[in-house]
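Quick heads-up: it's one chain on its own, the form predicted on its own, in structure tokens.
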């Protein structure tokens, strides 16, 4: 199940889940290109991992802009000449009910979470289809696609759209590209911390209460997603296609009381 020497692109690869995946894939011997709109963080992460002997490069990208995505994919090809796998992970969150959101909120969340994934897929699929072997696209969705989290209307809708996209792409590009999803639950990331704003308890207390409710009794870590992505892009996962791997510590099966 080795992934050594696979060329992997990770979008949203400089913070939270994406940074954890970038680190884990680099440790396993992948040639990683991490991409995001966080240029300073991306350059620092790439420099840190290169200093440890890993092959990691950073590319600045705005996934909501097709030309930026197209340039990102070309940069990967300029660096490595091929693209074996993509973790399409860039995502954002805005708080609110459907009665709260504005046009700017809608365009921001859907532009990155949904349109961004479409642009990435549009430009990496032809590269993979033209290569020898089977390419793999892993898309980060969320248990928010199944759970109606309060004040998460836009975010939940955007993640549900990605699950439908995964199923369609599996059929449309059968035989050349595998398309799978990772659906994280409660992961210790800056995005999770942002959801704690405005509560009457400190973040640490909220985290401890949540961890006690999760069947594995802890929050997920970005490295947990990294391990799952590494497996899904490996040849050992070659029969896994068009489905979603839930990584929630057992949250979804919890009873409602």
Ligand SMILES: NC(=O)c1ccc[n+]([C@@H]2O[C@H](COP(=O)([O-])OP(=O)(O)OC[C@H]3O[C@@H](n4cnc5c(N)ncnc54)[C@H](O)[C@@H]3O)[C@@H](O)[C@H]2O)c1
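Computed from a predicted structure; not experimentally measured. Residue numbers count along the first chain shown, from 1.
Absent from the display: the form predicted in complex with this ligand. The rest refers to it.
Visitor: So if I measure heavy atom distances to this ligand in the predicted complex, which of the stretches 98-106, 167-175, 74-82, 182-190 falls within 4.5 Å?
Guide: Stretch with heavy atoms near the partner: 182-190.
Visitor: Within a 4.5 Å heavy atom cut-off, is residue 156 in contact with this ligand in the predicted complex?
Guide: Flag for residue 156 set to no.
Visitor: Check whether residue 224 has any heavy atom within 4.5 Å of a heavy atom of this ligand in the predicted complex, and answer yes or no.
Guide: No.
Visitor: Looking at the partner-bound form in the predicted complex, is residue 137 within 4.5 Å of this ligand by any heavy atom?
Guide: Although this ligand is absent here, residue 137 would stay clear of it in the predicted complex, with no heavy atoms inside 4.5 Å.
Visitor: Is there a heavy atom of residue 9 lying 4.5 Å or less from a heavy atom of this ligand in the predicted complex?
Guide: Residue-level check for residue 9: no, no contact with this ligand.
Visitor: Which residue among 230, 61, 45, 30 has a heavy atom within 4.5 angstroms of this ligand in the predicted complex?
Guide: Only one option qualifies, and that one is 61.
Visitor: Listed by sequence position, which residues of 20-49 have a non-hydrogen atom within 4.5 angstroms of this ligand in the predicted complex?
Guide: Read in sequence order, the residues that approach this ligand (within 4.5 Å, in the predicted complex) are 36, 37, 38.
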